[in-house]
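What follows is a single chain, given as structure tokens, in the form predicted alone.
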């Protein structure tokens, strides 16, 4: 009788383990991004992308303009006269445009364009993040992030390859009181707190070639590997969830709209769309 009870317990245990594994597998499949379609952009050479309700804004680096399109790729309007616009940001319908050539941040607000005051000199602004009155810019040639909170400025990073050091940062995001940096030619994303303290590295083990752009959601960190033609998806602690390849031509940036992910391809002049 004891042997029978042990055998029954053993098989019940296997069923529980099998059920848990199956549930875990289904949960993982539900969170995976799947390819939907490709949206051609004509002569647009996109670097940055942000969403505004049912529209997308793109920075067109070759034509020095900012383009507003619908979710099918049709151009709604265009703003010309920018000097190499890079990774853009949006807040309250204002589009923040870092100009790589002029070291200036422009703001598109309805039909007007103004200039954002930066309290530190830069040398090629590659990306910007805005959260209320808090601003972070990727100071490309100075290998640092300028973190500006009203009148207070914190310099994050310096040139180098160690933890907390940067080598040509190209994009930046602010989420949950943390700063995420696309540390492009160190082939990784680095995370800092608002004091500039180094927190963690994301993406180092996956041999990223150039970490050009990133998107941080409530649950994920998504990285565009420009030269690797991949998108890498992690949880907020840096655990790898998914790698997508075969659908990109030099991806530079990512945006999420509802349950869809939009990835801009610089060389391909297109947007790769995914769903989950």
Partner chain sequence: MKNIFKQTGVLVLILLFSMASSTTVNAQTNDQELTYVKVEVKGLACPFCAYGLEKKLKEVDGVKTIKIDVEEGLAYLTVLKSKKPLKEMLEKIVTDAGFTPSSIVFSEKPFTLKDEN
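Numbering follows the first chain given and starts at 1. The structure presented is a predicted model; accordingly, all values stated were derived computationally and were not measured.
Not on display, but discussed next: the form predicted together with the partner chain.
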| item | value |
| --- | --- |
| The unique member of 140, 96, 147, 192 whose heavy atoms fall within 4.5 Å of the partner chain in the predicted bound form | 140 |
| Position in contact with the partner chain when the complex is considered in the predicted bound form, options 220, 229, 63, 242, heavy atoms within 4.5 Å | 63 |
| Contact test in the predicted bound form: residue 266 vs the partner chain, heavy atoms, 4.5 Å | yes |
| 4.5 Å heavy atom contact, residue 84 to the partner chain in the predicted bound form | yes |
| Residue contact check: residue 78 to the partner chain in the predicted bound form, 4.5 Å heavy atom | no |
| 4.5 angstroms heavy atom contact with the partner chain in the predicted bound form for residue 128 | no |
| Location of the partner chain contact in the predicted bound form, chosen stretch of 85-93, 195-203, 150-158, 107-115 [non-hydrogen atom, 4.5 Å] | 85-93 |
| Contact at 33, 262 and 270 by the partner chain in the predicted bound form, all three, heavy atom at most 4.5 Å | no |
| Heavy atom contacts to the partner chain in the predicted bound form at 4.5 Å, residues of 112-131 in sequence order | 123, 124, 126 |
